[in-house]
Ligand SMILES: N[C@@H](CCC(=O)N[C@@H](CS)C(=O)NCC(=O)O)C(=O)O
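As C-alpha coordinates, one chain now follows by itself in the form predicted alone.
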(Lines give C-alpha, C1' and ligand atoms only; values in the text may rest on other atoms or scores of the structure.)
Protein backbone atom coordinates (compact mmCIF):
# COMPACT_ATOMS: atom_id res chain seq x y z
CA UNK A 1 0.00 0.00 0.00
CA UNK A 2 1.34 3.37 -0.96
CA UNK A 3 1.88 6.04 1.66
CA UNK A 4 -0.86 8.70 1.97
CA UNK A 5 -0.25 12.09 0.46
CA UNK A 6 1.81 14.51 2.56
CA UNK A 7 -0.29 16.53 4.97
CA UNK A 8 0.43 20.16 5.78
CA UNK A 9 -1.29 21.22 9.03
CA UNK A 10 -3.31 24.46 8.81
CA UNK A 11 -2.46 27.41 11.02
CA UNK A 12 -5.55 26.69 13.13
CA UNK A 13 -7.05 23.22 13.51
CA UNK A 14 -10.81 23.02 13.03
CA UNK A 15 -12.98 20.03 13.95
CA UNK A 16 -14.98 19.65 10.77
CA UNK A 17 -14.96 15.90 10.08
CA UNK A 18 -14.95 12.60 11.98
CA UNK A 19 -11.57 11.27 13.06
CA UNK A 20 -10.39 8.17 14.82
CA UNK A 21 -11.49 5.46 12.42
CA UNK A 22 -13.46 2.82 14.31
CA UNK A 23 -13.70 5.13 17.32
CA UNK A 24 -14.71 8.29 15.45
CA UNK A 25 -18.11 8.46 17.13
CA UNK A 26 -16.61 8.76 20.63
CA UNK A 27 -13.82 11.23 19.81
CA UNK A 28 -14.47 14.93 20.22
CA UNK A 29 -12.36 17.93 21.24
CA UNK A 30 -14.60 19.08 24.09
CA UNK A 31 -15.49 17.66 27.52
CA UNK A 32 -18.72 17.54 29.48
CA UNK A 33 -22.00 15.64 29.11
CA UNK A 34 -23.90 15.29 25.85
CA UNK A 35 -27.16 14.16 27.47
CA UNK A 36 -28.90 13.76 30.81
CA UNK A 37 -28.75 10.26 32.25
CA UNK A 38 -28.37 9.29 35.87
CA UNK A 39 -26.30 6.26 36.78
CA UNK A 40 -27.93 3.19 38.30
CA UNK A 41 -27.08 2.27 41.89
CA UNK A 42 -27.05 -1.29 43.20
CA UNK A 43 -27.06 -2.88 46.63
CA UNK A 44 -23.32 -2.84 47.35
CA UNK A 45 -21.21 0.06 48.69
CA UNK A 46 -18.88 -0.14 45.69
CA UNK A 47 -20.45 0.90 42.40
CA UNK A 48 -18.32 0.34 39.31
CA UNK A 49 -19.21 1.78 35.90
CA UNK A 50 -17.06 0.13 33.29
CA UNK A 51 -16.41 -2.02 30.25
CA UNK A 52 -14.02 -4.97 29.88
CA UNK A 53 -11.25 -3.09 28.11
CA UNK A 54 -7.78 -3.58 29.60
CA UNK A 55 -8.32 -0.55 31.84
CA UNK A 56 -11.68 -1.82 32.99
CA UNK A 57 -10.34 -5.32 33.62
CA UNK A 58 -7.73 -3.98 36.04
CA UNK A 59 -10.42 -2.98 38.52
CA UNK A 60 -12.63 -6.05 38.25
CA UNK A 61 -9.57 -8.30 38.63
CA UNK A 62 -8.57 -6.48 41.81
CA UNK A 63 -12.10 -6.62 43.22
CA UNK A 64 -12.32 -10.35 42.54
CA UNK A 65 -8.87 -10.87 44.10
CA UNK A 66 -9.98 -8.95 47.21
CA UNK A 67 -13.12 -11.05 47.49
CA UNK A 68 -11.04 -14.21 47.09
CA UNK A 69 -8.98 -13.08 50.11
CA UNK A 70 -12.16 -12.77 52.15
CA UNK A 71 -12.68 -8.99 52.04
CA UNK A 72 -16.47 -8.95 52.07
CA UNK A 73 -16.50 -5.17 51.87
CA UNK A 74 -15.18 -5.47 48.32
CA UNK A 75 -18.53 -6.76 47.05
CA UNK A 76 -19.52 -4.60 44.13
CA UNK A 77 -22.03 -3.83 41.44
CA UNK A 78 -20.44 -3.60 37.99
CA UNK A 79 -22.61 -1.65 35.57
CA UNK A 80 -21.96 -1.88 31.85
CA UNK A 81 -21.03 1.37 30.11
CA UNK A 82 -21.33 1.06 26.33
CA UNK A 83 -18.69 3.51 25.21
CA UNK A 84 -19.42 2.98 21.51
CA UNK A 85 -22.91 4.31 22.21
CA UNK A 86 -21.60 7.32 24.11
CA UNK A 87 -22.90 6.31 27.54
CA UNK A 88 -19.72 7.72 29.13
CA UNK A 89 -20.98 11.18 28.14
CA UNK A 90 -24.15 10.93 30.21
CA UNK A 91 -24.49 13.52 32.95
CA UNK A 92 -24.35 10.96 35.75
CA UNK A 93 -21.17 9.38 34.46
CA UNK A 94 -19.48 12.74 33.95
CA UNK A 95 -20.19 13.56 37.60
CA UNK A 96 -18.17 10.52 38.61
CA UNK A 97 -15.49 10.94 35.95
CA UNK A 98 -15.23 14.39 34.33
CA UNK A 99 -12.81 12.84 31.81
CA UNK A 100 -15.58 10.56 30.44
CA UNK A 101 -13.43 7.43 30.40
CA UNK A 102 -14.07 4.03 31.94
CA UNK A 103 -13.62 2.77 34.58
CA UNK A 104 -15.21 4.98 37.23
CA UNK A 105 -15.87 3.99 40.83
CA UNK A 106 -18.25 5.38 43.43
CA UNK A 107 -17.63 4.26 47.01
CA UNK A 108 -20.86 4.69 48.99
CA UNK A 109 -19.62 2.93 52.13
CA UNK A 110 -19.16 6.16 54.13
CA UNK A 111 -21.37 9.11 55.04
CA UNK A 112 -20.47 10.86 51.79
CA UNK A 113 -19.92 9.06 48.46
CA UNK A 114 -16.34 9.14 47.19
CA UNK A 115 -15.69 9.19 43.47
CA UNK A 116 -12.49 7.69 42.07
CA UNK A 117 -11.52 7.83 38.42
CA UNK A 118 -8.45 6.77 36.40
CA UNK A 119 -7.73 3.07 36.71
CA UNK A 120 -4.42 3.52 38.52
CA UNK A 121 -6.04 5.73 41.13
CA UNK A 122 -8.81 3.17 41.63
CA UNK A 123 -6.28 0.38 42.16
CA UNK A 124 -4.40 2.45 44.73
CA UNK A 125 -7.60 3.48 46.48
CA UNK A 126 -8.88 -0.08 46.80
CA UNK A 127 -5.50 -1.51 47.80
CA UNK A 128 -5.19 1.06 50.58
CA UNK A 129 -8.82 0.71 51.64
CA UNK A 130 -8.49 -3.04 52.15
CA UNK A 131 -4.79 -3.24 53.00
CA UNK A 132 -3.96 -5.74 50.28
CA UNK A 133 -1.79 -6.04 47.15
CA UNK A 134 0.26 -2.96 48.11
CA UNK A 135 3.20 -3.48 50.49
CA UNK A 136 3.61 -1.32 53.57
CA UNK A 137 7.41 -1.46 53.52
CA UNK A 138 8.53 1.89 52.02
CA UNK A 139 11.01 0.38 49.58
CA UNK A 140 8.67 -2.34 48.35
CA UNK A 141 5.79 0.11 48.14
CA UNK A 142 7.89 2.49 46.05
CA UNK A 143 8.79 -0.33 43.66
CA UNK A 144 5.15 -1.33 43.21
CA UNK A 145 3.96 2.23 42.68
CA UNK A 146 6.79 2.88 40.22
CA UNK A 147 5.60 -0.01 38.05
CA UNK A 148 1.99 1.04 38.46
CA UNK A 149 2.76 4.52 37.17
CA UNK A 150 5.03 3.07 34.49
CA UNK A 151 1.98 1.29 33.15
CA UNK A 152 -0.18 4.40 33.29
CA UNK A 153 2.40 6.32 31.29
CA UNK A 154 3.31 3.52 28.88
CA UNK A 155 -0.04 2.03 27.88
CA UNK A 156 -1.07 5.02 25.72
CA UNK A 157 1.84 4.12 23.43
CA UNK A 158 0.60 0.53 23.29
CA UNK A 159 -3.15 1.16 22.98
CA UNK A 160 -3.47 4.60 21.51
CA UNK A 161 -0.30 4.29 19.49
CA UNK A 162 0.55 0.78 18.34
CA UNK A 163 -2.92 -0.71 18.74
CA UNK A 164 -4.64 2.16 16.99
CA UNK A 165 -2.39 2.40 13.96
CA UNK A 166 -1.82 -1.36 13.64
CA UNK A 167 -5.40 -2.55 14.12
CA UNK A 168 -7.94 0.28 14.01
CA UNK A 169 -6.81 3.23 11.88
CA UNK A 170 -8.75 3.52 8.61
CA UNK A 171 -5.48 3.57 6.66
CA UNK A 172 -2.16 1.84 7.31
CA UNK A 173 0.66 4.36 7.81
CA UNK A 174 4.08 2.72 7.79
CA UNK A 175 5.77 5.54 9.71
CA UNK A 176 3.19 5.45 12.53
CA UNK A 177 3.22 1.65 12.81
CA UNK A 178 7.02 1.53 12.81
CA UNK A 179 7.28 4.24 15.42
CA UNK A 180 4.87 2.65 17.88
CA UNK A 181 6.05 -0.90 17.18
CA UNK A 182 9.54 0.14 18.17
CA UNK A 183 8.30 1.64 21.43
CA UNK A 184 6.05 -1.35 22.20
CA UNK A 185 8.96 -3.75 21.75
CA UNK A 186 11.15 -1.55 23.93
CA UNK A 187 8.49 -1.65 26.64
CA UNK A 188 8.26 -5.44 26.38
CA UNK A 189 12.03 -5.57 26.79
CA UNK A 190 11.79 -3.36 29.89
CA UNK A 191 9.30 -5.82 31.38
CA UNK A 192 11.29 -8.86 30.32
CA UNK A 193 14.46 -7.59 31.97
CA UNK A 194 12.59 -6.79 35.20
CA UNK A 195 10.86 -10.18 35.25
CA UNK A 196 14.20 -11.93 34.69
CA UNK A 197 15.18 -10.84 38.19
CA UNK A 198 11.83 -10.95 39.97
CA UNK A 199 8.79 -13.22 40.01
CA UNK A 200 6.48 -10.23 39.85
CA UNK A 201 6.96 -6.60 38.97
CA UNK A 202 7.07 -5.35 42.54
CA UNK A 203 9.19 -8.23 43.83
CA UNK A 204 8.34 -11.69 45.12
CA UNK A 205 4.65 -10.95 45.63
CA UNK A 206 1.73 -10.33 43.28
CA UNK A 207 0.51 -6.73 43.62
CA UNK A 208 -1.53 -3.99 41.97
CA UNK A 209 1.45 -3.39 39.69
CA UNK A 210 0.90 -6.79 38.08
CA UNK A 211 -2.86 -6.27 38.04
CA UNK A 212 -2.36 -2.98 36.18
CA UNK A 213 0.16 -4.25 33.64
CA UNK A 214 -1.23 -7.69 32.87
CA UNK A 215 -4.45 -6.77 30.99
CA UNK A 216 -2.32 -4.79 28.53
CA UNK A 217 1.01 -6.55 28.17
CA UNK A 218 -0.01 -9.97 29.42
CA UNK A 219 -2.89 -10.07 26.96
CA UNK A 220 -0.53 -8.87 24.23
CA UNK A 221 1.90 -11.78 24.64
CA UNK A 222 -0.83 -14.41 25.16
CA UNK A 223 -1.46 -14.46 21.41
CA UNK A 224 -4.80 -13.58 19.91
CA UNK A 225 -6.18 -11.57 22.83
CA UNK A 226 -5.15 -8.10 21.78
CA UNK A 227 -4.96 -6.58 18.30
CA UNK A 228 -5.44 -9.66 16.13
CA UNK A 229 -2.20 -11.22 14.89
CA UNK A 230 -0.03 -8.63 16.64
CA UNK A 231 1.62 -11.35 18.75
CA UNK A 232 3.25 -12.75 15.62
CA UNK A 233 4.01 -9.29 14.29
CA UNK A 234 5.80 -8.35 17.53
CA UNK A 235 7.46 -11.77 17.94
CA UNK A 236 6.30 -11.96 21.54
CA UNK A 237 7.83 -15.41 22.02
CA UNK A 238 11.17 -13.62 22.40
CA UNK A 239 10.05 -12.21 25.77
CA UNK A 240 10.22 -15.44 27.75
CA UNK A 241 10.06 -13.86 31.19
CA UNK A 242 7.00 -11.83 30.26
CA UNK A 243 5.36 -14.99 28.93
CA UNK A 244 6.10 -16.89 32.16
CA UNK A 245 4.64 -14.06 34.23
CA UNK A 246 1.60 -13.64 31.93
CA UNK A 247 0.71 -17.34 32.07
CA UNK A 248 1.02 -17.45 35.86
CA UNK A 249 -1.41 -14.56 36.28
CA UNK A 250 -3.74 -15.92 33.60
CA UNK A 251 -4.16 -19.09 35.68
CA UNK A 252 -5.48 -17.24 38.76
CA UNK A 253 -9.22 -17.91 39.32
CA UNK A 254 -9.91 -14.31 40.32
CA UNK A 255 -8.31 -13.11 37.09
CA UNK A 256 -10.46 -15.49 35.07
CA UNK A 257 -13.53 -13.98 36.71
CA UNK A 258 -12.38 -10.39 36.55
CA UNK A 259 -11.67 -10.31 32.83
CA UNK A 260 -15.19 -11.35 31.83
CA UNK A 261 -17.10 -8.78 33.91
CA UNK A 262 -18.71 -6.12 31.67
CA UNK A 263 -17.48 -8.07 28.64
CA UNK A 264 -19.42 -7.60 25.40
CA UNK A 265 -17.30 -9.49 22.87
CA UNK A 266 -16.45 -13.10 22.18
CA UNK A 267 -18.46 -16.19 23.09
CA UNK A 268 -21.56 -15.66 25.23
CA UNK A 269 -20.08 -18.15 27.69
CA UNK A 270 -17.28 -15.68 28.39
CA UNK A 271 -19.48 -12.66 29.11
CA UNK A 272 -20.91 -11.38 32.37
CA UNK A 273 -22.45 -8.16 31.11
CA UNK A 274 -23.16 -6.91 34.62
CA UNK A 275 -22.00 -8.29 37.94
CA UNK A 276 -24.11 -7.73 41.06
CA UNK A 277 -23.41 -10.94 42.96
CA UNK A 278 -20.93 -13.81 42.87
CA UNK A 279 -23.75 -16.03 41.61
CA UNK A 280 -23.74 -14.09 38.34
CA UNK A 281 -20.76 -16.19 37.29
CA UNK A 282 -22.84 -19.36 37.72
CA UNK A 283 -24.95 -18.42 34.72
CA UNK A 284 -22.11 -18.98 32.26
CA UNK A 285 -20.12 -22.04 31.25
CA UNK A 286 -17.60 -23.32 31.92
CA UNK A 287 -17.87 -22.59 35.62
CA UNK A 288 -14.96 -20.48 36.88
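Residue numbers count along the first chain shown, from 1. It should be emphasised that the depicted structure is a prediction, and the values quoted were computed from it without experimental measurement.
This next part talks about the form predicted in complex with this ligand, which is not shown.
- The contact residue chosen from 168, 157, 125, 89 relative to this ligand in the model of the complex is 89, the criterion being a non-hydrogen atom within 4.5 angstroms.
- This chain is displayed alone, yet in the model of the complex one of 183, 205, 189, 118 has a heavy atom within 4.5 Å of this ligand; that residue is 118.
- In the model of the complex, this ligand sits within 4.5 Å of a heavy atom belonging to residue 83.
- Contact between residue 71 and this ligand in the model of the complex is not found at the 4.5 Å heavy atom cutoff.
- Residue contact with this ligand in the model of the complex: residue 26 places a heavy atom within 4.5 Å of it.
- Contact annotation for residue 132: none of its heavy atoms lies within 4.5 Å of this ligand in the model of the complex.
- Note that among 235 to 243, 220 to 228, 50 to 58, 33 to 41, the stretch whose heavy atoms approach this ligand to within 4.5 Å in the model of the complex is 50 to 58.
- Heavy atoms closer than or equal to 4.5 Å to this ligand in the model of the complex belong, across 88 to 110, to the residues 88, 89, 100, 101, 102, 103, ordered by sequence position.
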